[in-house]
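First comes one chain, alone, set out as structure tokens in the form predicted alone.
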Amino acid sequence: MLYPLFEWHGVGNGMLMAIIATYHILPCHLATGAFWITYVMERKAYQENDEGMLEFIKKYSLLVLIFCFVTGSLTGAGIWYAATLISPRAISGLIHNYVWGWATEWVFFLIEIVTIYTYYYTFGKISRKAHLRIGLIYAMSAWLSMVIITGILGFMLTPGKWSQTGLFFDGFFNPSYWPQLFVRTAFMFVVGGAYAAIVASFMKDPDIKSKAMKVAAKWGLGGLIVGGLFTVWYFTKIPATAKTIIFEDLAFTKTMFEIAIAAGVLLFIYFGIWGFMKSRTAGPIPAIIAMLVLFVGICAGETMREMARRPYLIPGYMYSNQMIAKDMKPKGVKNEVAKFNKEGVLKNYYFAPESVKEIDASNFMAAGRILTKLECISCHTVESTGFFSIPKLMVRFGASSPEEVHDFLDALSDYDYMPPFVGTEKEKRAMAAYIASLVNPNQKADPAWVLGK
């Protein structure tokens, strides 16, 4: 609550983060999986003295370099920038816990940058053994980077014993760490295989195209099968509330799950048909469509994972609106909910204008506007546009008057994916009055009702 608010009007902060993060995952997983495929292919090409496959590998590595280390790097910086604007307290908490983890990951990322450029620009200019070693160093560094990042991502859903100890490794090796690492490892080969299929589809020599497509299909199919099995394991490790949110509470997350499954099935069919049955005639259009399907599947899977940790940013510790939900004694952090319920949110929010610190008949709508944005815009929009529009949500729940919205705010704790309202009764009524005005701009709340008179 110590930071000013950032708001992406009409679309929503959550959607901004989702757009950047989803796109970033594609080049990241490609960068991690591609060079394991390349390493195996290059070794075999040297053993068979296959110049055609070496030509394919060089083109593949160049396109990986351009896609992953130009656009991928831009979105990586974009994630940090957007997350810092949207959830500065959460980023601060993650940095305080995992700054040395990120520092280690950046070392591996630096190795990736050096080795991929070295790999491409020394192709055919140094000994084959040395060139293979450079490729293997890159592949290992990229995967070790994933090993570290997965610990932090898993912590944000299943912090495990960290909630009691506050220790680095208790949060890092959390309950969902190992299954998530294996899931991501498997699916990085799916991404690498799908991208290899695009490159192969542009090869003019039908024999080279056929060989490359078969290799891409083997990695893709293997990744889908193994990744699917590890996904089942992963779902056994996430909290019961997360599973309820995905499969029962929200039709949106259930739809995302179905889209992710459908994308996997379509990719399986694609790899099966064009990887083996029609490998010599595989064209760019089916390959590009397959990559788009993969992108949609990643979007659905990551959206589902993000929604599963609601109502928290860090489960059991920090709500999605960045309010501290419980004491964290090892970190010296105290629960804010009880304090704000007693003293009021606005009195404790540094950036609230002095004119709304004390709610009265003249300022309750302004106070309600600030409270709504403090408690809601991390996930919702106040406009009628956006995936999680507050006005549309109120219409769906049949809450249009200030009194009905007040009752809805009272019942927030009944929804697994929503943080409870935090603040005094007067603040709740001011917020209800403002939200009701979003549903029906013509209705005016009674100041006496808001002030409890």
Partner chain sequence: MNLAQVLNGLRDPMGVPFYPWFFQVLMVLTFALHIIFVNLAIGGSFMAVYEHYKKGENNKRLSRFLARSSTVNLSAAVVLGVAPLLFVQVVYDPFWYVSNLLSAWWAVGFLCFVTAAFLALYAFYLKRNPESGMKGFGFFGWLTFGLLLLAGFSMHLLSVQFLEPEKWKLWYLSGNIMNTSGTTVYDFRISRYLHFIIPSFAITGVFMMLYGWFFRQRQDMDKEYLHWVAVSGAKMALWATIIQIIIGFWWLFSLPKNLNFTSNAFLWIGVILGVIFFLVLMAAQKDPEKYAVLSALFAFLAVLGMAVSREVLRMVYLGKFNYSIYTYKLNIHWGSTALFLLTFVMGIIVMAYPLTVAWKLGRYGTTSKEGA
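Only a predicted model underlies this, so the values are computations on that prediction, with no experimental measurement involved. Positions refer to the first chain, counted from 1.
As for the form predicted together with the partner chain, it is not shown, yet the points below apply to it.
Asker: Between the options 73, 281, 244, 335, which residue brings a heavy atom to within 4.5 Å of the partner chain in the predicted complex?
Answerer: None of the others qualify; the residue that does is 73.
Asker: Which residue among 126, 229, 147, 292 has a heavy atom within 4.5 angstroms of the partner chain in the predicted complex?
Answerer: So the residue touching the partner chain in the predicted complex, by this definition, is 126.
Asker: Based on heavy atom distances of at most 4.5 Å to the partner chain in the predicted complex, which listed stretch, 362-370, 294-302, 216-224, 187-195, is the contact stretch?
Answerer: Answer to the contact question: 362-370.
Asker: Indicate whether the partner chain has at least one heavy atom within 4.5 Å of a heavy atom of residue 204 in the predicted complex.
Answerer: No.
Asker: Determine whether any heavy atom of residue 342 comes within 4.5 Å of a heavy atom of the partner chain in the predicted complex, and answer yes or no.
Answerer: No.
Asker: Tell me, yes or no, whether residue 118 is in contact with the partner chain in the predicted complex, where a contact means a heavy atom of each within 4.5 Å.
Answerer: Residue 118: yes, in contact with the partner chain in the predicted complex.
Asker: Contact between residue 39 and the partner chain in the predicted complex at 4.5 Å, heavy atoms?
Answerer: Answer no; every heavy atom of residue 39 is more than 4.5 Å from the partner chain in the predicted complex.
Asker: Quick one: in the predicted complex, does every one of 66, 162 and 324 get a heavy atom within 4.5 Å of the partner chain?
Answerer: Heavy-atom distance to the partner chain in the predicted complex: all three under 4.5 Å.
Asker: Counting only non-hydrogen atoms and a 4.5 Å cut-off, give the residues of 332-356 close to the partner chain in the predicted complex.
Answerer: If the 4.5 Å heavy-atom criterion is applied to the partner chain in the predicted complex, 332-356 yields 332, 333, 347, 349, 350, 351, 352, 353, 354, 355, 356.
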